[in-house]
Ligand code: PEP
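Okay, so here's just one chain, in structure tokens, the form predicted alone.
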């Protein structure tokens, strides 16, 4: 599966209750235009996913789970499986830095979640990135290498086209710090080089790699213009309808320029 669309994912994190989410989706649906060259994905809390799946226009927006457990079913109190989310969401975030560093998810957990998503026809968005300490110690590329290897351990070359990679330097997520476009470009190039080493040149060129880390309407165009960057993972700015819409419009304009 080769998808040439730019992907814009809005991660609402632990914000908006059921009623607020419904109202916000209604607001977004009125101002966001559908573009054939941009896939807009909304990632609300698990609590609201089912109700939003009945409200959403899938031609306009897709839905993503922020988290799920890798077992399909069983005695796992409090968990939600990819199997239960199948048919409700089209995407699933895996390995977000907040899951790794706040909740202690291991590489084993993450690779199992990637595999579970693919198995259940949900497109996983594998999030990888270095901390400030790792960056200051020159370990960025080693971390990206290890997290890619860990995340893709159970994925075949045929399944790889169903995966999205999100580069999100931990030190830039939710901090307001901006990674310079040249820094992001080098990291994305390293990611594609590693994928080429694992799966070959064709896979490296076709896989979609997006960027996330305190992206705003002002910085979005600079990141979207980078070679090899196929979209953005948006946090705080996705909770403001007009800011999020501005980013979507810039993704469309950028794709139009390329075409």
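Computed from a prediction, not measured in an experiment: that's the story for all the values here. Positions refer to the first chain, counted from 1.
What comes next is about the form predicted in complex with phosphoenolpyruvate (PEP), which is not displayed.
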Query raised in the report: Any chance residue 110 has a heavy atom within 4.5 Å of phosphoenolpyruvate (PEP) in the predicted complex?
Result: no
Query raised in the report: Taking the shortest heavy atom distance, is residue 173 within 4.5 Å of phosphoenolpyruvate (PEP) in the predicted complex?
Result: yes
Report task. Give a yes/no on whether residue 249 approaches phosphoenolpyruvate (PEP) to within 4.5 Å in the predicted complex, heavy atoms considered. Result -> no
Query raised in the report: Does the 4.5 Å heavy atom contact test between residue 215 and phosphoenolpyruvate (PEP) in the predicted complex come out positive?
Result: yes
Query raised in the report: Counting only non-hydrogen atoms, which stretch in 48-56, 30-38, 195-203, 227-235 is within 4.5 Å of phosphoenolpyruvate (PEP) in the predicted complex?
Result: 227-235
